[in-house]
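Just the one chain here, laid out as structure tokens, in the form predicted alone.
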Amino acid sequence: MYVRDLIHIFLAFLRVGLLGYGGGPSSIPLVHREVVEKYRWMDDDEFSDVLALGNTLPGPITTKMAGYIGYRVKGITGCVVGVLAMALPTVFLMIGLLGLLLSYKDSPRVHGMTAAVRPVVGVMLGVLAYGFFKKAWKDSGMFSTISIAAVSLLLIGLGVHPAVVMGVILIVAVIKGLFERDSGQKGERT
């Protein structure tokens, strides 16, 4: 059971590491598929929380997620296995493919390959974004969801780093939660 779980962690993040063309954001739907849909190590809410927290921290998002999810499933060993499975394919593929691509960088075939993958990555991100937006709408309501989305779009459009936007929104949410808790406690006392 223990070894089988470690093998599942390794295979889940190895697939993400091998198939996650385009970097962290395009790999997130792949992580979601493995973690939530296939192995059911967490639900959508927990995944959203891990994704939000991972986005506020420096470094590659999928590697942080692999480490945390591996740790959650099988402790320190799971963390190490998840990070290695996520990172090793990238290291080996980068060395091999970059050498190959640089040799043929002016080839129309190479340009065609990279151009053909971009729309697929865009669709994957769109589907994931729609799912998060729909869940936020259900959990937080229309006004809150549209307000946060509009402010985020404006700030990111003005060049504010997304991690700063998320950090500010998280701080505002914590402060709002503290005020709501305090006002709820005052109501209970009277």
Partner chain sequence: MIYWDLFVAFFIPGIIGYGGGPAYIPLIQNEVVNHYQWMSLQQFGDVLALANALPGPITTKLSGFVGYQMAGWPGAFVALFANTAPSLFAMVFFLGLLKRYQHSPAVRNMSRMVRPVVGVLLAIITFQFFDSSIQDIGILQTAVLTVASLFLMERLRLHPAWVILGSLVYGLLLNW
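Numbering follows the first chain given and starts at 1. Rigid core (definition): largest C-alpha set, two forms, superposition within 1.5 Å. Computed from a predicted structure; not experimentally measured.
Unshown form predicted in complex with the partner chain; subsequent notes refer to it.
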query: Residue contact check: residue 21 to the partner chain in the predicted complex, 4.5 Å heavy atom; finding: yes
query: Residue 28, heavy atom within 4.5 angstroms of the partner chain in the predicted complex; finding: yes
query: is_contact(residue 174, the partner chain) in the predicted complex, heavy atom dist at most 4.5 Å; finding: yes
query: Heavy atom of residue 170 within 4.5 Å of the partner chain in the predicted complex; finding: yes
query: Heavy atom contacts to the partner chain in the predicted complex at 4.5 Å, residues of 123 to 137 in sequence order; finding: 123, 124, 125, 126, 127, 128, 129, 132, 133, 135, 136
query: Rigid-core frame, C-alpha of residue 76, shift of 2 angstroms or more between this form and the one not shown; finding: no
